[in-house]
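The chain below stands alone, shown as structure tokens; this is the form predicted alone.
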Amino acid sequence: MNYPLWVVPYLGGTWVVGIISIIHVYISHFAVGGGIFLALAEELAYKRNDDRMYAFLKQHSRFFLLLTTVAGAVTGVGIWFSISLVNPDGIHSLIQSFTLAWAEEYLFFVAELATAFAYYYTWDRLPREKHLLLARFYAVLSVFTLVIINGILTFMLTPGKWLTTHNWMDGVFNPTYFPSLCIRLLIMLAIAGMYALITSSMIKESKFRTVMVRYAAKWLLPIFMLGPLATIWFLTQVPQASIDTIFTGIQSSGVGNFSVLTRALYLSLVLSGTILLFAFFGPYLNPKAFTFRIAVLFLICGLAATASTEWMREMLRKPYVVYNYLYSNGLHKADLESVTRNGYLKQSKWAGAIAKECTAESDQGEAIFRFQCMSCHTLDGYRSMRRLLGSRDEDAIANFLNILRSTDPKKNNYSGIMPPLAANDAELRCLAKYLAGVNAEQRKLSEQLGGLPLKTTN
């Protein structure tokens, strides 16, 4: 509401953030789980005085270092850039509320990176017991980065007492903090095993390859034994309205078991079950037949499971960025009534500035559409407005928009997943006029990033 908008045609800004985030999550989880894997595996090699395992771990740590410090760091920076453009109000709120937590996380992250480089480049240069100490140190540092960032991620869904106290510690240690921490640690161990299967499958010596493939497969066991219990614990702390949205659906996403969110849940369960069966009957029971190509397919399946689970976790807090506090379009819940009554364009700095340059009602409507709707919708691509509007005329669209202004779920069945429309009667007519014309050739929206709306006549 208080910042300019980054318009991404067809794909939409949310998917730019989503694609980068999913890749980053899959790598960053390996950075933590892989650190624990290196520490425990090297301790095993130290106790056995196993030179073959030491040689494997040296090679695996090279793969680990390149992937986590290059691809992980680049995608991490990409998240900051993209989310700052797509939802600047949301990132502003998080930075303002958790300045100290972010600072602590960055300190641990820098120490983690430094330790990772020291760990790799001191192979065969330090005594084995001191090198093992480095591995343990890295594992501890990486877990501490998770301990902090997990609090901020879970805060967005369950801010808890922070809504009244605004104390950053209340925000970090929110209702879903501990169950989410358990789930993520279990997932990280499983991902560490899946990445280790890649390097294990490349070992040339058949007997030792069999040992390491089976050892890597064992790292997937904790998530499948304890994961369901941790997930149930997590879901008991999630707002009931979010749980209801999963299973009852809404008009725009299907109902009951055909809800988009339910499909994502089923997909996550099916993929997770597939990984479990594959890990048991493949690398664990039949490690000799396990190949590099199969390991890659296994990793891709893990990425798909991560993507569906993370997407569903993000959708749980809709229509909010911070649940019950900040809507996904940058409007604060506490400001909704006054903004609706007094007019959105009068109180939105950037949309209002654009609207002042517009003489046509439809152009003012376009400004409202861009700043209130394009955080989730596009004209022709993801959640296409042209498709959703269909053949509705201006009056029908106005009636529909009037429904969207209501915060009562009984009157507005989209309230569980869409922010209420914040617009007075005059702005509602402007928005209806613009939306009624989006299918006309003379009203095609410019694909440039930002800028003033196209000029038309009433």
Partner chain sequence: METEKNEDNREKREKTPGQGGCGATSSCGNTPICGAAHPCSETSTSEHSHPCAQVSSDFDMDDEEEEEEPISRAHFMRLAFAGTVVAWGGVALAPIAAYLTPPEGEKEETSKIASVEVCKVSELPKGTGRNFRFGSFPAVIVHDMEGQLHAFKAVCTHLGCTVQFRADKQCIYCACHGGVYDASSGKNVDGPPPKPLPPLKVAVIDGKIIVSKA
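Since this is a predicted model, take the numbers as computed values, not measurements. Positions refer to the first chain, counted from 1.
Although it is not shown, the form predicted together with its partner chain is what the next lines describe.
**Q** Choose from 114 to 122, 83 to 91, 284 to 292, 366 to 374 the stretch whose residues reach within 4.5 Å of its partner chain in the predicted complex, heavy atoms counted.
**A** Looking at the other structure, the answer is 284 to 292.
**Q** Check each of L226, I243, L107, V74 and return the one that places a heavy atom within 4.5 angstroms of its partner chain in the predicted complex.
**A** It is L226.
**Q** Please identify the residue among I232, L163, L100, M169 with any heavy atom within 4.5 Å of its partner chain in the predicted complex.
**A** Comparing distances to its partner chain in the predicted complex, the residue within 4.5 Å is I232.
**Q** Heavy atoms within 4.5 Å of its partner chain in the predicted complex: does L132 have any?
**A** Looking in the predicted complex, residue contacts with its partner chain do not include L132, since no heavy atom lies within 4.5 Å.
**Q** With a cut-off of 4.5 Å between heavy atoms, is L269 one of the residues that contacts its partner chain in the predicted complex?
**A** L269: contacts its partner chain in the predicted complex.
**Q** Can any non-hydrogen atom of R52 be found within 4.5 angstroms of its partner chain in the predicted complex?
**A** R52: yes, in contact with its partner chain in the predicted complex.
**Q** Could you tell me if R128 has a non-hydrogen atom within 4.5 Å of its partner chain in the predicted complex?
**A** Looking in the predicted complex, residue contacts with its partner chain do not include R128, since no heavy atom lies within 4.5 Å.
**Q** With the partner left out here, which residues of 30 to 54 have a non-hydrogen atom within 4.5 Å of its partner chain in the predicted complex?
**A** Contacting residues: L40, L44, R48, R52.
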